[in-house]
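The chain below stands alone and is given as structure tokens, in the form predicted alone.
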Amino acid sequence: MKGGQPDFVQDMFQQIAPHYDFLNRLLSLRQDVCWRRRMVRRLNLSAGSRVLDVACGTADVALEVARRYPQSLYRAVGVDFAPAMLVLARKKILRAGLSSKILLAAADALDLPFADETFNAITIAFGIRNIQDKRAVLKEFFRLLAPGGTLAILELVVPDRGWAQKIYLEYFNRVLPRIGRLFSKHSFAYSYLPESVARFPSDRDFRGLMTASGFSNVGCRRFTFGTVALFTGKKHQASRSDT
């Protein structure tokens, strides 16, 4: 067990890394690009901002941050526990000419090697469901955020009810695993995906975890027929009466 994540999860992402971007675009009909852009827009970074992207994968979020906030961003840092993902991420960053704006590191989400209050924003896209101890990782994020900072969490979720839920479950449980196995040659990864999404807490419960971890102004927005949730929260800006 590493960082509250079963060892097989790290091995799985190591194996699917070469096909990760292609399958994300294919299986989401390229909506994953739009979802990340929505998350990054919510950050509203000011001059000199430092951003941490956890479970950064191949650096899609870090690249979007660097492109959207060229004047405001001081630096984005991407961390992931799968070295194979970071190899691909470095290549993408170099091709984009953004190596001066994005740093990468192999790190455990529950034991991040940064000082308290280092970052103005923290993001994690489609990664927190793989971390078993969600309360602990939220507290780690809270530790790393500067006062006034924003946490943004993007995650796949099951639609609440109705025709969207039926279509989603049919696609996720039957179609998606077959396509994933066909292209990635990994027999388990794309069966694990719908299982992990089904186990993710309800919007209300997850917002409660964020609030219990210290975040304020906690909110959740769903889009694409309720299949994706964007959770956001702020670290309280200390007032003079608090000090």
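In this text, all values refer to a predicted model and were calculated from it rather than measured experimentally. Heads up: residue numbers just count along the shown sequence, starting at 1.
This protein has a second form, the form predicted together with a small molecule, left out of what is shown; the following refers to that one.
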### Query
Any chance Ser72, Ala76 and Phe119 all have a heavy atom within 4.5 Å of the small molecule in the model of the complex?
no
### Query
Where, among 123-131, 138-146, 93-101, 164-172, do residues come within 4.5 Å of the small molecule in the model of the complex by heavy atom distance?
123-131
### Query
Looking in the model of the complex, any heavy atom of Cys56 within 4.5 Å of the small molecule?
yes
### Query
Looking in the model of the complex, any heavy atom of Arg50 within 4.5 Å of the small molecule?
no
#### Entry: Proximity of Cys220 to the small molecule in the model of the complex, heavy atoms at 4.5 Å
no
### Task
Could you confirm whether Val228 comes within 4.5 Å of the small molecule in the model of the complex, counting heavy atoms only?
no
### the small molecule: the contacting residue among Ala89, Ala107, Val158, Ala152 in the model of the complex [heavy atom, 4.5 Å]
Ala107
